[in-house]
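This document starts with one chain, in the form predicted alone, laid out as structure tokens.
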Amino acid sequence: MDLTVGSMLAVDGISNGAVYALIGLATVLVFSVTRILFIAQGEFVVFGAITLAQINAGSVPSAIYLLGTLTLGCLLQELWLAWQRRRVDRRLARELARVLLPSSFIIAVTVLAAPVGLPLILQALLSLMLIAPMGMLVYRLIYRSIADASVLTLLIVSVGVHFALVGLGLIFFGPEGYRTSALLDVSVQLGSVPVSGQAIVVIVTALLLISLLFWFSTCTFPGMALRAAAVNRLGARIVGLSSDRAGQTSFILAAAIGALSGILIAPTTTLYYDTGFLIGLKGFVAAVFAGLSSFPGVMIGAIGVGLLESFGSFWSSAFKDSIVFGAVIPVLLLRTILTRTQEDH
């Protein structure tokens, strides 16, 4: 390997690492606020990429049916809870409106706008608008009623949610692979190393989104409420902050970040309905490197994962994933040695 090849592999690894950083940030965000290890984060990546590909092809995306199915499930859940309480009041009407109105509006806009032939940036925004509410609906449908369960129970449920979303992906999107055109079809020469416009878009978008998340969490009330719920759920409840709303907000952000990650990688790889698990797992590995608690640590860990994958594929492409996942073992051993033992709640 000479310096030019090494530089090309490094650029590729940093580009992939930027995407893993976004997925890892979403994983840490959800875990810190809700204590849920959301295994299905990669499914939102695939849903976002396939939705953009279908809109790009000029057809109405199948995601509207998935969104409609999740909305219907939440509506039936609210009606079932009202029947159990034997009470039909304004609260029921308010909850039904919160579930039904946004989904109906988004589906109507998508049906009207998708076949028109929008510019690529508007197609990406439409895809984000379709996928982001799915996070809130998944939280309401599955996790809200078991929010106080143990971490192990939530993890087992997450595994089930992962398989359920993969099955729904097969039903609504089919077994075909999807790929989109490049968001920026140019190439820049940095010395002797060619850098594609797509890699630049991925890195810049990841940096902008991470900066936006920092601003959201430090300068806005919803962001500070999320931080409060992440630091102390009971304390947040005592001062009047809704842990339920914090959970829904974290899942909306996780779904939006996942969909954006899918949009960024869709031009570089063909995505199938079940591709999300492997992608999400690499983001999870980056989050594990950071102890599921540190956002800067996730970024460093994700870049490390991307570089390991890139250089691993050069030395032995068949074992690149094994190299990445095998790196978790020494990191966990090192963290176990260096971290003081603390009694869990």
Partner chain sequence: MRHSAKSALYATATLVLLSGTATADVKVGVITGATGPGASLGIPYKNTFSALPATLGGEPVTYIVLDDATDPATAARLARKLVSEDHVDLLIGSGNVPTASAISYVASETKTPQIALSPLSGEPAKNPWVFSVSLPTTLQLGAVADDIKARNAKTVGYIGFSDGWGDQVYAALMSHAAAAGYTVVTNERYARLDTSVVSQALKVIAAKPDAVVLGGSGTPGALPHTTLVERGYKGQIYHSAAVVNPDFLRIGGKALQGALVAAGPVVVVSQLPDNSPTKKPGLDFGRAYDAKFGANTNNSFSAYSWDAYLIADRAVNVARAKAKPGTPEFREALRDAMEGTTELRGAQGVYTMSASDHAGSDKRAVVLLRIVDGAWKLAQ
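Please read these numbers as outputs of a predicted model, since none were measured by experiment. Positions refer to the first chain, counted from 1.
Another form, the form predicted in complex with the partner chain, is not on view; read the next lines as being about it.
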item	value
Which of 173-181, 132-140, 111-119, 95-103 lines the interface with the partner chain in the predicted bound form (heavy atom within 4.5 Å)	173-181
Full three-residue contact with the partner chain in the predicted bound form, heavy atom 4.5 Å, for Met8, Ile279 and Lys320	yes
Of Gln84, Thr269, Thr218, Ser150, the one that lies within 4.5 Å of the partner chain in the predicted bound form (heavy atoms)	Thr269
Proximity of Tyr65 to the partner chain in the predicted bound form, heavy atoms at 4.5 Å	no
Contact test in the predicted bound form: Ser313 vs the partner chain, heavy atoms, 4.5 Å	yes
Contact test in the predicted bound form: Gln198 vs the partner chain, heavy atoms, 4.5 Å	no
The partner chain contact at Thr275 in the predicted bound form, heavy atom, 4.5 Å	yes
